[in-house]
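Quick heads-up: it's one chain on its own, the form predicted alone, in structure tokens.
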């Protein structure tokens, strides 16, 4: 299940994508639109900025803006940035692998094999879905 932080990030990105004709968007506008705490949203937007998805401008006319085309923002990137691994078990994670402490033989573990399939199918979808796909459905 996605955390509120990730859902809010996706809402904010959607708002910024819908308002690309504006040079910048104020945090307050996004906060009011989705009922997100201003401070919490500010932290989320800073993480997205550090990841190279958003830019910001200070001063009069300042705010946040997308620096990437919505088609270039895969959902997998946003989810990994804010949630960490996409895999449901650490022993099948591509980027955050850890062996399971209770598993005696990972090579023969049926749960491991099934969760690899789940991970692969989930990744296939999330890597091929972008911010643009969300915008297209609104």
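All of these numbers come straight from a predicted model, not from anything done at the bench. Positions refer to the first chain, counted from 1.
Below, we refer to the form predicted together with another copy of the chain, which is not included among the displayed structures.
Asker: Please tell me whether any heavy atom belonging to residue 113 falls inside 4.5 Å of a heavy atom of another copy of the chain, as the geometry stands in the predicted bound form.
Answerer: Contact check for residue 113: yes, within 4.5 Å of another copy of the chain in the predicted bound form.
Asker: So, residue 33 and another copy of the chain: in the predicted bound form, are they within 4.5 Å at any heavy atom pair?
Answerer: Looking in the predicted bound form, residue contacts with another copy of the chain include residue 33, since a heavy atom lies within 4.5 Å.
Asker: With the partner left out of view, is residue 71 within 4.5 angstroms of another copy of the chain in the predicted bound form by any non-hydrogen atom?
Answerer: No - in the predicted bound form, heavy atoms of residue 71 and another copy of the chain never come within 4.5 Å of each other.
Asker: So in the predicted bound form, does residue 129 come within 4.5 Å of another copy of the chain, heavy atom to heavy atom?
Answerer: The answer is yes: residue 129 has a heavy atom within 4.5 Å of another copy of the chain.
Asker: Find the only residue in 82, 87, 45, 66 having a heavy atom within 4.5 Å of another copy of the chain in the predicted bound form.
Answerer: Partner contact (heavy atom, 4.5 Å) among the options: 87.
Asker: Which listed residue (51, 26, 94, 109) meets the criterion of a heavy atom within 4.5 Å of another copy of the chain in the predicted bound form?
Answerer: Exactly one listed residue reaches within 4.5 Å, namely 109.
Asker: Within 4.5 Å of another copy of the chain in the predicted bound form, which residues of 35-72 have a heavy atom? Give them in sequence order, or say none.
Answerer: Residues within 4.5 Å: none.
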